[in-house]
Ligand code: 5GP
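Just one chain follows, in the form predicted on its own, and it is written as structure tokens.
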Amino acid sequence: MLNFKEVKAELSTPKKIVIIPHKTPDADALGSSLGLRGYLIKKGHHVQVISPTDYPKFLNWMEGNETVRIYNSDHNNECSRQIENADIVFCLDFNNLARIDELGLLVEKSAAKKFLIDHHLDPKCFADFSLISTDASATAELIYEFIVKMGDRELIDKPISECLYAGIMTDTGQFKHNNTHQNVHYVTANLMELGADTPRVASLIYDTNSYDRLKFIGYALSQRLKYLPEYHTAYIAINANDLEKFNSKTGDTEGLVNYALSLDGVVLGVLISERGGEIKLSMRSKGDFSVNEFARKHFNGGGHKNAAGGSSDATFEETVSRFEEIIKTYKEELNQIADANN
């Protein structure tokens, strides 16, 4: 395993570098990738960001977005070639190559050195260098620390700082989640000092909804939100027809699960969605209820203690029914946590 001194030596001469976020990258995954890209280009490296899938349109403002290659589009052969010929592959905001589907096999086979920077639980050992902290609010926070440890804080400019700020802001739920620790504010203050226009970033992410998306959110809350007060749980179940009805795009369900969690008295909020033949679950919790453990045990997933995701091989209807049955076995635990939160 390489240490920071050895990594600094690796990056002291121009390299061919590929940066890969997890599939359907969010603001943290893409912001970390494009922020790191901006820094590495300043160091003289040839850098290509390759995303396993497309991502929400509201992230297109990030500098370097136009250079990102989407693997599952027309760039598969070129992406494969770049990974095969890379000197270094950075894996950001995921810790298991299975999370990037076909790209995982390409990364595994590549002779490139693998650098992993991530903040999720239960990492898999595949990297030559790892910067992992489950205490970090976001991978973007770790990218800032990585650049500082390389001795290059002065290379962080406005575009880089805004990419990193976006990741931290969103992964802390606009600084509301319990991962908003002291270092978050320290790093954020530094990013502001280095040029981040924080109101602009917030507006670009949260104030660029399409008319269809706002109608979709209204429909989801009025027709698809189910409250289970006896279990201190609320969930929103969105099927493929719902998404088609509102011309839903990638990212339109982003943040929807937080509405379920925001209900007074709710400890567990879940979004169950069906898109492209896949059933995904997004989970959020309050207090000591670990959705990471819940997702790992029941839905082939994982993540953080209070924010996790999973999937289901069953049909949409079967998944919803199974979820309701599973929740019944957590009644006592959920009640205890709800009482403790009051």
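Only a predicted model underlies this, so the values are computations on that prediction, with no experimental measurement involved. When you see a residue number, it is the position in the sequence shown, counting from 1.
Below, we turn to the form predicted in complex with the ligand, even though it does not appear here.
Although the partner is absent from this view, Pro56 stays clear of the ligand in the model of the complex, with no non-hydrogen atom inside 4.5 angstroms. For Arg213, no non-hydrogen atom is located within 4.5 Å of the ligand in the model of the complex, even though that partner is not displayed. Residue contact check for Arg37: none of its heavy atoms lie within 4.5 Å of the ligand in the model of the complex. The closest heavy atom approach of Gly309 to the ligand in the model of the complex falls within 4.5 Å. Partner proximity in the model of the complex, defined as non-hydrogen atoms within 4.5 angstroms of the ligand, places exactly one of 275-283, 60-68, 313-321, 41-49 at the interface: 275-283.
Residues are counted as partner-facing when one of their heavy atoms sits within 4.5 Å of the ligand in the model of the complex; in 7-23 only His22 qualifies.
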